[in-house]
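A lone chain, given as structure tokens: the form predicted alone.
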Amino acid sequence: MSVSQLVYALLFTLAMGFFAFSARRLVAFLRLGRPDPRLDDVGTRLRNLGLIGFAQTKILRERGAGISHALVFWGFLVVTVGTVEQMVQGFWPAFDLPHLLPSPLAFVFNLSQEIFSVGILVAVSWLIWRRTVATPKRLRGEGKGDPVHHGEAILILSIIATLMLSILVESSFELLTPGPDGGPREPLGQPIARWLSLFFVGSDPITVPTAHLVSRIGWWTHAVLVLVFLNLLPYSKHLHVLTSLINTFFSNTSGPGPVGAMKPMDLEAETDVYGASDVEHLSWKNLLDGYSCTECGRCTAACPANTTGKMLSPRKIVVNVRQRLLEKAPLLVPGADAARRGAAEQAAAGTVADAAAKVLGKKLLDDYITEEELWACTSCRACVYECPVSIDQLEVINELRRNLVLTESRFPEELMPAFEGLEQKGNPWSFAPADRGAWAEGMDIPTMAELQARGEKADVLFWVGCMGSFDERAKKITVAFARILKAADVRFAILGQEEACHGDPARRMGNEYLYQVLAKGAIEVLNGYEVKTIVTHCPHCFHQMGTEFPQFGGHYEVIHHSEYLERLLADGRVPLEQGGDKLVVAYHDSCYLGRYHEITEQPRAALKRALPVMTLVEPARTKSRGLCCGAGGGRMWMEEKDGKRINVERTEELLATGADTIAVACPFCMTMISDGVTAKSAATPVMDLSELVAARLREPTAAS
């Protein structure tokens, strides 16, 4: 074995040994998290891995940076084959993969190495320019405590660029050396290396020893940098290079299972902590999310709270989880590196014990993440939807909220009336339960109890919801939709006084105990009537009963009224007047329809069927990128005290379309957008889909 082989073997062994130590350490840290089974529905997980992980569909939602990052990712997949070849050559110098392949495959292999090396160089150069010159706001870390690691990012990008240059230098100068048979080397699928070799020769020919030396320098530069790069990753934000694909496979943000559903809690378990106050209370997958965060800031850029001046930054939430884990875990995992860490802190803190006590005396909640940040969240899921590596920022926020409410009884005073109303009256405004069905007086709409007494059954239960039952503006939506159902001869009924809130607001506000009481009560009523199909005009009711009720035995076909209207209109069951005034309509996407359930086209299709002469215009942020109205996550019952009001921001976008009418498909959105229109002193009407359809019902049918 030559000296070169011995040196390489030593470096390789040391590097891989240290990497193995680092990897084992990180895995041990993950085991501090709570169990979370993630091996169900492997088919869906593999599909997510293919689409989101390898095809980079999420990262490509942003063209410029997305294409550059995707090119670097795909390039690395290709170039890694050549890197593996090089690693083998370190032990067996004569190994030459192209010579083992048929000529066509050898040509493709060499050409792919060159093309992707150059492609990565171009992409990395643009990314460095973007970091240093045209830095977008989301990479500037302008929020309080929001992380930004420009120096680290530029270091890693520089290493990547050098790795690609070393490949080109090695191959181009190698062409200037004799081949295995002593004759000149013939470039096979190496046009770039051939051109570079001719450029380097120029009018002053390079000697063979010099060419061989430069080629070996390129080889060793690449070999050493690969080992350095590999061992830098576990200690930098670029750890996502190793974990993002794994994270995407284990993620549930795009399935499997119900998308956007909060996890149920075992409230009878013997524990002093409900939800999470520190990293060990989160699941191992939440901790893996921290490892996988690229700190790209897409989540924060999409967050309605952050973009309107609130404290919340979803990126900071995830990075804080990682920071806290890497600070605390070495003191809890035997042999992880506590002794080394303690020794480093001893000089500053006095003793190892004092340093450890200082670390253990902190918590993720309060010391890293504040109440103010958590309560700013609208649960709109924009952060989750935009994340290119399938991180669930919202799950961490929800778990920390649960701890605040259930363990520490800490929540904004404004929420107390809502909690009391839900507990005592079955609705967050404390209206009398007897008034739930008052909106239906004179409409001849039966209740489920009345039908059961007559020995009859309804095809559909119309779940009205708290807003639709009690809010004066929302009751108009309820009446309009009921008129359409009657005009379409749908056999439906309501629960009337037996309907009570299903608890979704309580769950989103962290009060899981109250939620489960309400949810189980609603399920008991629904199952008592053997309900099969439910239709509702509230996206929150739609999500809760269709997606989260199955956790407690409530299995129903739940349809949002936008989908149901589209079906009725498509089947020609709704008698409409012909003609009518031409309207220019801007449709506002509800978060709980668009991002939670990807229901974006059905409401628009319903509008087009009902208003054939309508012009539909789109606001700047629309469909899956639609901006939240600001009411979700319990924000309906909290005032916005910092920054710009979210509903005003959204209303400005809708008004900027020049639409005659703003259409919504959610009673919460109706309230928030209507308030925004009032705040802007505009006269544009805000109408629910059902109101726009009901306005065109043929009078004889409507009257009957």
Partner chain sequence: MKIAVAIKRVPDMDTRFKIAPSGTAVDETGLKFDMSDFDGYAAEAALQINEKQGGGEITAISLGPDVVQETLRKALSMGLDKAVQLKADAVPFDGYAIAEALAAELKGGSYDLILFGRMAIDSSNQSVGPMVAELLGLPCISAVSQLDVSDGKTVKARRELEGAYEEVTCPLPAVVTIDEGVARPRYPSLKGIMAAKKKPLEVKPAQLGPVTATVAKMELPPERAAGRILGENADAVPELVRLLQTEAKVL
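Numbering follows the first chain given and starts at 1. All figures in this text were calculated on a predicted structure; none of them were measured in a lab.
Not on display, but discussed next: the form predicted in complex with the partner chain.
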| item | value |
| --- | --- |
| Sole residue of L97, L616, L406, V525 within 4.5 Å of the partner chain in the predicted complex, by heavy atom | L406 |
| Proximity to the partner chain in the predicted complex, single hit among V208, L360, L267, A353 (heavy atom within 4.5 Å) | L267 |
| The partner chain contact at Q424 in the predicted complex, heavy atom, 4.5 Å | yes |
| 4.5 Å heavy atom contact, V88 and the partner chain in the predicted complex | no |
| Contact label in the predicted complex: E472 to the partner chain, heavy atom within 4.5 Å | no |
| Contact test in the predicted complex: L325 vs the partner chain, heavy atoms, 4.5 Å | no |
| 4.5 Å heavy atom contact with the partner chain in the predicted complex for all of E152, Y235 and W284 | no |
| Which of 474 to 482, 619 to 627, 487 to 495, 506 to 514 lines the interface with the partner chain in the predicted complex (heavy atom within 4.5 Å) | 506 to 514 |
